[in-house]
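A single chain, nothing else alongside it, follows as structure tokens in the form predicted alone.
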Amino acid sequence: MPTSKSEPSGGRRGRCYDLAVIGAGPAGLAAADAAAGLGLRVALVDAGSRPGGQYYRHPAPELGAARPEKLHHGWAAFARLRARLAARPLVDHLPGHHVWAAEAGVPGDEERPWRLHATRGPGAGDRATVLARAVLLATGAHERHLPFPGWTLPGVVTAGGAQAVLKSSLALPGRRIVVAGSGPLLLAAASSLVSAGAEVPAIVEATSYLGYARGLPVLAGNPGKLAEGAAHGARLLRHGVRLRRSSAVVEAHGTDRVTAVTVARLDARWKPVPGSERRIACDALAIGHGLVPQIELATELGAATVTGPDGAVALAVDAEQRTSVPGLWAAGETCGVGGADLALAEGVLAAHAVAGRPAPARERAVRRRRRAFAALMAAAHAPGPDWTGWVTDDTDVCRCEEVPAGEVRAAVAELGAGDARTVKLLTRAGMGWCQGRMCGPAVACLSGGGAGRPDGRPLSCPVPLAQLADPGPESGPA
């Protein structure tokens, strides 16, 4: 992907792109490629150093991976997109740009475009501003964390984190790895780990999978998803991996590192069944309870949201992927977690809408089928209300600020807090480096308010103070 050399961020001062795409994962790559093919000048703005996002994360070139495609599902689609984008003169790839704020433009007013403010490093001169007539948000999602005693021990990683380390560094978080939590990511993570040589003594799934039985027509309309799941299942069977359904890791044990986990059976509300506890030895735990859309840039602008069957909050979009904010589109996981195929289709649909072209029939059909499957999946793996029962008062909920669950409960019971925001003000839970991305859903549940609407944040990521005082260069196409 070509990048102009006339400005540090990739373009001539004062000129506008037709479209700025934030995020270079499946949705962002597909949108940039389609938009450029329709004649739009595109800025592909991404925090990563290389295109692909979390889903298409690949080994660093210096590792010399001979067959990186073996670590991915759907690598061929990424390879095609990457090759096409590299040949698109209308696309400027701006890597290493962490967008921390967006100022909405006025559609049709050339003098009032969108302004995306980004940081590229710690220095005062590392701020950049990208100008565009329209913006597509394709920032993906991050993992949902449900804390439990011992979850801060070294060796406890997220399921997606275990995959990321394997894909980018060709390394394993341990040799004997328990995979736990809820959602289809567990099967994919365990399949990758055993293929790389790890021993996985158990996959601990909190749900029973019976929720999928309520959506047989949806499953029939998505045979590719069934085939993907069957392939993971067959690989795990060959490696003798045991699946424990309706169960959860309720405690991790160890001092300097996790050495074992306690697994308990769960009832329908995710309350541990007394007497069902079993201990499994391991040197790593990969755990995850689904994904949460990353939508802070849009919610700060007042964009409308919807709450999914699993309690995750996503952006509300129309049939053309348009949000409630004029000039702002969204695609992929920001509209609700549904996988790479859905993200690719929605990226193409959004690009056509921005360009004023009719939506392709194929992508419309893919979106319809995959969105139905995403809703079924979210409902099947929705966290039960009683999962907080395994969180003891001395369990840290907010890792950054080291706020234990007992302080959160005291803020509710003794100080009258009734929502996550009030709890944050009273306990500092969510005020650390991650800005609530790790603890937000847990704090919301412990406060009794449910997942709710995500907090609005003027800054969506940490920014050096020197850059806030510096207006920075404005970037547009050469």
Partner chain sequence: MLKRTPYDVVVVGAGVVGAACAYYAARSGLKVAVVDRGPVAGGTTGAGEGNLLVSDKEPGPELDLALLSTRLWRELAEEFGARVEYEPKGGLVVATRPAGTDLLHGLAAQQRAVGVEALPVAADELRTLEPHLAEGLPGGYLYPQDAQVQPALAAAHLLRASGADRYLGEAVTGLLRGPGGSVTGVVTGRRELAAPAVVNAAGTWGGELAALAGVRLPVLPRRGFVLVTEPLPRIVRHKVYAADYVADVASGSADLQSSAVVEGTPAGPVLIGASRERVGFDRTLDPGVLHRLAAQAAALFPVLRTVQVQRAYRGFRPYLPDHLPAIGPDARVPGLHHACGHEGAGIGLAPATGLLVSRRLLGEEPELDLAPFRPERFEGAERLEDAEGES
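Source: prediction; values computed, not measured. Numbering follows the first chain given and starts at 1.
Here the subject shifts to the form predicted in complex with its partner chain, a form of this protein not shown in this document.
Judged against its partner chain in the predicted complex with a 4.5 angstroms heavy atom cut-off, the residues Trp100, Glu300 and Gly432 are in contact without exception. For the residues His117, His352, Arg88, Arg82, the 4.5 Å heavy atom test against its partner chain in the predicted complex is passed only by His117. Interface residue remark: Arg421 is counted as part of the site for its partner chain in the predicted complex, having a heavy atom within 4.5 Å. For Val463, a non-hydrogen atom is located within 4.5 Å of its partner chain in the predicted complex, even though that partner is not displayed. None of the heavy atoms of Leu38 is located within 4.5 Å of its partner chain in the predicted complex.
Put simply, Arg15 is far from its partner chain in the predicted complex: not one heavy atom of it is within 4.5 Å.
Segments offered: 440-448, 410-418, 38-46, 22-30. Contacting its partner chain in the predicted complex at heavy atom distances within 4.5 Å is 410-418.
Contact annotation for 250-267: no residue has a non-hydrogen atom within 4.5 angstroms of its partner chain in the predicted complex.
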